[in-house]
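The form predicted alone is given below as one chain in C-alpha cells.
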Amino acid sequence: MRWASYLLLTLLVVFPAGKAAATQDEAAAQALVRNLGDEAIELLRETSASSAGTVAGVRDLFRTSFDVPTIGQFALGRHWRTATDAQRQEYLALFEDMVVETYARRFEGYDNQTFVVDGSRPEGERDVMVRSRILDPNGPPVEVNWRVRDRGAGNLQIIDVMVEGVSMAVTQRNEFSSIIQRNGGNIDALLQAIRDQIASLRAGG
C-alpha cells in the first residue's frame, strides 16, 4: 500500500526549526507537523518497546494527528455511497489497522533521514499546505507537503500527504477502486484484500 509506505518516511525524521509562518493558522499547522515528528522520533528511541507497544504508539500518533476517517472515506471514493453501514464501519476499522500495522512494521526503515519544514501556504478556506523536504544521506531530497485541515475550535488534523506532487490519498483511492472493479464492484472483495494485507503484516510479511 504505497500511501502508507511513503507516509512512513515522513514520520521517521528529525525536525529542525522551519521558516516563520505567514499567519497564526499556518504556524499552528507547522507546529502540528513538528510535534508529530517529535513523537515519532521518541517512539523510535524506545528500542525496548514490544511489537504490541509499537503498534499502540503508532495508533496513538494517527488518531491524534490524522483525520483517519476522512482519509479512509476519501480513499473509498464513490463506493462509499453504495456501501452498507456495516461495510462502512468494518472498512474504516480495517483501514486504520492496515495503516497502523504498515507503519509499525516499517519503523526499521529509518536511516538517518532529516526533515526540513520550508514554510506553508493557505489552501482553500480551511486548509494549510505545509511544505517540507526529506534529506536522505543516500539519495536526492524528496519534496513532501502536508495538507492540514482546520476542524474548528483549534482542532487541526492532517488529511493528506503529497510526495513529489503525488497525493497519497488519491493513490490509495485508485488502488482500492482497482480492486473493487476487478471484482465486479464487490466492496466485500476490498474488505477481504485489506484483511489479507493486515494478516500478512502481522505475520511479518
Partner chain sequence: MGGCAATDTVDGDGYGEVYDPIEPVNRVIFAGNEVVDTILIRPVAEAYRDYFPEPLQNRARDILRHLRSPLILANELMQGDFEGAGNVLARFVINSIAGLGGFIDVANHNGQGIPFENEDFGQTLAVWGVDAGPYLVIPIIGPSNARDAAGLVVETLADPIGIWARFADSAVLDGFQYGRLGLSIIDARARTISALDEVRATSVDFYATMRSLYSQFREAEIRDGEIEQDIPDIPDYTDFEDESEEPVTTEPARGDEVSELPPVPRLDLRPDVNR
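All values derive from a computational prediction rather than experimental measurement. Numbering follows the first chain given and starts at 1.
Not on display, but discussed next: the form predicted together with its partner chain.
> Which one, Ile179, Val142, Ala31, Leu61, lies within 4.5 Å of its partner chain in the predicted bound form by heavy atoms?
None of the others qualify; the residue that does is Ile179.
> Report whether the minimum heavy atom distance between Asn35 and its partner chain in the predicted bound form is within 4.5 Å.
Residue-level check for Asn35: no, no contact with its partner chain.
> So in the predicted bound form, does any heavy atom of Val117 sit within 4.5 Å of its partner chain?
Contact with its partner chain, no.
> Using the partner position in the predicted bound form, report whether Ile187 sits within 4.5 Å of its partner chain, counting heavy atoms only.
Heavy-atom contact with its partner chain at 4.5 Å: absent for Ile187.
> How about Gln157 - does it come within 4.5 Å of its partner chain in the predicted bound form, if we only consider non-hydrogen atoms?
Residue-level check for Gln157: yes, a contact with its partner chain.
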